[in-house]
Ligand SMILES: Nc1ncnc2c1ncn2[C@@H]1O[C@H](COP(=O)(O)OP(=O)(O)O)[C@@H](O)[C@H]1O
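So this first bit is one chain, no partners, the form predicted on its own, shown in structure tokens.
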Amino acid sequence: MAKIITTASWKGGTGKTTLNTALIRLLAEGGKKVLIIDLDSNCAISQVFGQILKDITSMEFLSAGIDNFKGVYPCAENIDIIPGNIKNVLLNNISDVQLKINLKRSGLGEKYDYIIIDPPGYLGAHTRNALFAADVLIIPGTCSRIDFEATRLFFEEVQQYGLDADTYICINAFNAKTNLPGICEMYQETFGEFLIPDPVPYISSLKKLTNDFRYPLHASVRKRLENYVNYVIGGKNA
């Protein structure tokens, strides 16, 4: 059965789609079969993998019958996607567990090693569906005060939901020269054992992945990403 990983925040600019792209690529290169579900009306990760403006999308997966669902599109070796829909923002009258129900009914969880969910950068129906479907929840925040506050508030909100997911906070785009002084210590003091120990550093080439997910990665960059991926899939035992 697939492990379902959601990367979510209630503000944009935290790098969730970039982190997901790196996660998907390294899992697929490691021989794991990955399904992406894009719930964002901006369709950011659908654009990364070249699957936009499709006839059958995550909107249909959430709102229509899913027997013999035809909206799964191949992207690359070991990578498929249920793409996003620019009309997803209009779909709000859905249960918070509809995605979880439909994943079970569709049998898709039995066909993949990992399912990666990319929700919008706000707390609405789609993000709540992504949260309740997850086995692992990653909440990323950059090294700014506004991202720290947004991460703290989102984490506190999520804690009230009683999720089954293992929840981790990720410090993203770490840069010792430009970080707000003391910001990493603030993350550590606030989130403690929920914090992934090693921040994901600011790496300019990572942004190039969102333009070309096959972009060649330097060995040192790959190693840093592997540390992140191993923790996400293995948790505290990684």
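Since the structure is predicted, the reported quantities are computational estimates derived from the model, not experimental observations. Quick note: we count residues from 1 along the sequence shown, nothing fancier.
The next section is about a form of this same protein that is not shown, the form predicted in complex with the ligand.
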property	result
Option from 175 to 183, 66 to 74, 26 to 34, 194 to 202 whose residues, in the model of the complex, bring a heavy atom within 4.5 Å of the ligand	194 to 202
Candidate spot G12, G15 and T18, all three touching the ligand in the model of the complex (heavy atom, 4.5 Å)	yes
Heavy atom within 4.5 Å of the ligand in the model of the complex - residue from C43, L206, L62, I169	L206
